[in-house]
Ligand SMILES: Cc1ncc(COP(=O)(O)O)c(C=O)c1O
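Next up is one chain by itself, shown in structure tokens, the form predicted alone.
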């Protein structure tokens, strides 16, 4: 669904809060990704991470770029089918049995993550050759001290290389008729997104290749890259490191590199636009109440700072500066506070605060709390196009019944 918004002063005409996708920024990031892969590992597949932002317009746009769907649940798998994806990468520990077997038989890339998936393969007694991958759980913290997301506790996904579970899974696959190992999946979550992480992933792939003597069609390094920040590593930096290490054991001619970006593609192009609806002074603070909320830009309530800019409805003001203004959201939670303006002119009703780089893990994680999903608009040249209407009680009630109707 798309419809065009025929307005001139967009910030004044479109009801806030809303998300705004800048198509030119999105496409610039896609272009950079493709160019970097073309330079350092031409035999590559990009699987767009559905979980990062599953807005149907974005998913369709990624498909048009030639990207595959990277999904981690039966719901996401079916969404990829509904959107017409012909190539799917199926990851994650909670695959549905039906979609798992369907994906295997359809020739999609399926990376095993749990023991039950081995059981499903054995019980299915497939008659034609099926190719699968295995997700490797390895001790990233030992290789990159202080950088792994879960630190000393370790990650929970895949089959452990260190304790022998990975080798046991390999041995089990060999016993299942018509099933062949085609690749390994080594995605790791990190605190730093540093080049060291991807060097370690590539080193692990080479180590497994040497020690296990595997013939692999693909190496899946996952996602987790920086994107849209000029002072951080760029795609070309990541893929240069990955290719330098992988080339010790693999060749682009024979082995496909799979990458699964999400945040690096969709974070930078998306803004969240809010309006000041009240200015409230107490004996302790000056509160600026907006019609937006922290739950729309930081659903896990973890961020310590935001990229943002302010549009003042009546231009610059010369009033005296307020020492401290606490920017707050619309919910009834006291911790729905986003940031403090320090030593700035007092904001007024009608002023707008625009949060930048909020496209990742926001739309798909925001709860239906007090207000429903905001509208999403697309900025394409001089046009502004609605790609998702604001939810109302009608959308919230769809597919349900109430007691009076029962």
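Positions refer to the first chain, counted from 1. Keep in mind it's a predicted model, so treat the numbers as computed, not measured.
Unshown form predicted together with this ligand; subsequent notes refer to it.
Trainee: Check each of 261, 292, 133, 158 and return the one that places a heavy atom within 4.5 angstroms of this ligand in the predicted bound form.
Mentor: Checking each option against this ligand in the predicted bound form, the one that comes within 4.5 Å is 261.
Trainee: Counting non-hydrogen atoms within 4.5 angstroms of this ligand in the predicted bound form, say which of 77, 225, 239, 138 makes the cut.
Mentor: After the contact test, the surviving option is 225.
Trainee: Check residue 95 for me: does it contact this ligand in the predicted bound form (non-hydrogen atoms, 4.5 angstroms)?
Mentor: Residue 95 lies outside the contact set for this ligand.
Trainee: Is residue 91 near this ligand? Define near as a heavy atom within 4.5 Å, in the predicted bound form.
Mentor: Output for residue 91 is yes: heavy atoms within 4.5 Å of this ligand.
Trainee: Can any non-hydrogen atom of residue 51 be found within 4.5 angstroms of this ligand in the predicted bound form?
Mentor: The answer is yes: residue 51 has a heavy atom within 4.5 Å of this ligand.
Trainee: How about residue 296: is it within 4.5 Å of this ligand in the predicted bound form, going by heavy atoms?
Mentor: Flag for residue 296 set to no.
Trainee: Quick one: which of 280 to 288, 243 to 251, 199 to 207, 186 to 194 gets within 4.5 Å of this ligand in the predicted bound form, going by heavy atoms?
Mentor: Contact criterion met by 186 to 194 only.
Trainee: Using a 4.5 Å heavy atom cutoff, which residues in 355 to 392 contact this ligand in the predicted bound form? It's fine if the answer is none.
Mentor: Heavy-atom contacts within 4.5 Å come from 361 alone.
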